[in-house]
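One chain is shown next in structure tokens, namely the form predicted on its own.
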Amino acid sequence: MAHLRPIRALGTGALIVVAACGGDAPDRPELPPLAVSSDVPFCQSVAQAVNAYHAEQSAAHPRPADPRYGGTVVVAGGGDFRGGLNALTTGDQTDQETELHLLHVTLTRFAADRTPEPYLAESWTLEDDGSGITFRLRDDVMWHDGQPVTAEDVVFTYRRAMDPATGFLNVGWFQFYDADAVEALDDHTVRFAFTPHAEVMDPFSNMAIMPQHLLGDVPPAEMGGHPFGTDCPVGAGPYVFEAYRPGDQWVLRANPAFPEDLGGRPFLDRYVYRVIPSSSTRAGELAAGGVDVALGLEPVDAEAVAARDGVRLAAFDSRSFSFIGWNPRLPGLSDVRVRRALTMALDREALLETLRGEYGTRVETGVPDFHWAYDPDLQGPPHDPEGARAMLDEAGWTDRDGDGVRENQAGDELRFDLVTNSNTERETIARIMADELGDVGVAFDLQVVDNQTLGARLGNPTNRDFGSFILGFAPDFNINERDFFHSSSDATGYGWSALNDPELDRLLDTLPRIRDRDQARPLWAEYQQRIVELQPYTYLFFSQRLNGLNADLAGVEMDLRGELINVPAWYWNPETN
């Protein structure tokens, strides 16, 4: 049993202590009402409403007698939720999954075959000419404070996401929308208008709906720092926010009033997310019973988990790739020959074998091999240190003073800073880079920072002062890299590369408009080839996601859609508890 210390939480009253326990958890009595302190004025009235509605619904919908109901699951991940649980301001993968599948609801959700299925929207009609779509919403989904979810909430959410002042990271979803693109036809009917384009349905499964009655008066530019995200996030999903302690843990509890047609009350009473940055520590906590699920394990830790009794390993293909990003705004890195040489200096195949073994796949772009647009014939820069040296010479960078680091004619060194977060795998990549880039006369200064600092540094469009970075990214099923590489992307949170390439702009502008996949494939091949030529990133590998699980935890599904897709269906196996 792992005992978790008191934490800040929703409501008014005394602090609580959350205890995590696997085997005997289902036999616990009903949880007490939500009642934990928040001294933020905005949250006081929110807490009172949530507490009152939760108490009312808990009395009206007592826990079923089915032995699968009850208990707590403790899930460990590598980072805190930057921006909290406000879907308009967050960007971390686990954070987004928590929003999409636990706290909030989306208009649609992905079925196992990755096609959209009803969720908040019970039906929809796509217009014949592809210029709009109308959703009919369910009338039985309620915010956790008792207010009904209506079309106005949907309108508010999408308009705020489209507003540049909000800083929504995936603004590229709305490339073909305008300010009046979404309107409420009545309380439960919403219409979106847009220029006809491909993969129309994807954003509707990825955008969690936010409460207009709570956030409607918040200026878009203040959304990111608003206490709603961390002190009192209110959703309409199967779990209700209960508590948060910064840098340590989040606590959610079952929503007793979640509609039966959407799955009803979750089996588990509580979901606790613990922030444990180290993969080895997460694996150790799983082995010791301190956590029940350890997310994102590195291969060496995953193999140790797989060999232990009482735990099991869930390994599945993921949408996440690792890469080294370059900042072409800086001298040296602005030259495509230098970026190409940096890639050629790295033995990416050996790097993959060292870090991931059988749990990864080499890639040349952000288009994975399971995506319909993937070009299997694409060839990236080879591992060729001698060729890298020649290319750097050609670009005017030579070791003029014999100190092992190249300089240009003005005497400036080919040296840059390399920033990443505290992560064993990424720090190993940096160490290998130091040797292999040093071998061709390139130097960098490594800066390892926490997730929050890294996000703030990379995500600030007004201050792109980094030289390079190591990061992971999980694209949507509908791959649209406009926010990465278009010449207009410099003002976006993902505009790290500062490319200004007319050919790439043409492809990025054209590809999303082609609705027929057979017609789009040749252009997708051109696009991937152009990315290889420009080398804005050095792409390393797509990783399998490796998660350790308590063997008694049942009902768990994890696949390309994510690792938290069906948390409300997780339960402690009554036959072993």
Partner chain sequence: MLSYAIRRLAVAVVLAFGVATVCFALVWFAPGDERSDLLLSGRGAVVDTGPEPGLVEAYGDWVGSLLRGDLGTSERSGNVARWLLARLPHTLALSVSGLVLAVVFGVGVGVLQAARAGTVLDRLLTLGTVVAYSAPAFWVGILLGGAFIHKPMELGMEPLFPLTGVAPPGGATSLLDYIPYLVLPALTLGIVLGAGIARYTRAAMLEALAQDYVRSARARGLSEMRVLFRHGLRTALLPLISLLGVYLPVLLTGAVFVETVFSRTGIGLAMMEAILGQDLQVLMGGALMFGFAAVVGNLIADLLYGWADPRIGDAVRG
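Residue numbers count along the first chain shown, from 1. Computed from a predicted structure; not experimentally measured.
A second form of this protein, the form predicted together with the partner chain, is not displayed here; the remarks below concern that form.
With respect to the partner chain in the model of the complex, the three residues Asp39, Arg274 and Ala288 uniformly fall within 4.5 angstroms at the level of their nearest heavy atom. Of the residues Gly472, Gly284, Pro328, Gly387, just one reaches the partner chain in the model of the complex with a heavy atom at 4.5 Å or closer; this is Gly284. Checking Gly247, Gly130, Gly310, Pro164 against the partner chain in the model of the complex, a heavy atom within 4.5 Å turns up for just one residue: Gly247.
Of the heavy atoms in Arg270, some are within 4.5 Å of the partner chain in the model of the complex.
For the chain shown alone, Thr115 is not a contact residue for the partner chain in the model of the complex, no non-hydrogen atom being within 4.5 angstroms.
Contact annotation: Asp335 falls outside 4.5 Å of the partner chain in the model of the complex, judged by heavy atom distances. In the model of the complex, the partner chain stays beyond 4.5 Å of every heavy atom belonging to Asp187. Residues of just one listed stretch (446 to 454, 142 to 150, 501 to 509, 204 to 212) have heavy atoms within 4.5 Å of the partner chain in the model of the complex: 446 to 454. Contacts to the partner chain in the model of the complex (heavy atom within 4.5 Å) from stretch 224 to 240: Asp231 only.
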